[in-house]
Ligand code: TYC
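To begin, one chain is listed below as structure tokens, in the form predicted on its own.
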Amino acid sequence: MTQHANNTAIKTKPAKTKLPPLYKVLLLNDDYTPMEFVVDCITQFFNKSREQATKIMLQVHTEGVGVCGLYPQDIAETKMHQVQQAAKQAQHPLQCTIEPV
């Protein structure tokens, strides 16, 4: 509530916080990156259990793409870059991208 000069109280609504738009972090299938490396990336960068990571890896393998998580844009971009850097260091062609939900 706010007080005005004439001492009348006016109820004010708290401002609604708008959530940032979410982005999907996607892994793309290739014929060269070992499945174990993909599982390791998913557990390391997306905090998934080994079982969850294996399911996502199999989705990538069978459907060509898998969703690792939904995040605000800056976090999604960071995770994408982490995966890309790890793949590059390990000399694997694994591709990671983001797209709006």
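Bear in mind that the values here come from a model prediction, so they are computed numbers and not experimental data. Don't overthink the numbering: it's just position in the shown sequence, from 1.
A second form of this protein, the form predicted in complex with the ligand, is not displayed here; the remarks below concern that form.
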| query | finding |
| --- | --- |
| Contact label in the predicted complex: K55 to the ligand, heavy atom within 4.5 Å | no |
| The ligand contact in the predicted complex: L70, any heavy atom under 4.5 Å | no |
| Non-hydrogen atom contact D30 with the ligand in the predicted complex at 4.5 angstroms | yes |
| Partner contact for K48 in the predicted complex: the ligand, 4.5 angstroms, heavy atom | no |
| Heavy atom within 4.5 Å of the ligand in the predicted complex - qualifying residues of 77-101 | L94 |
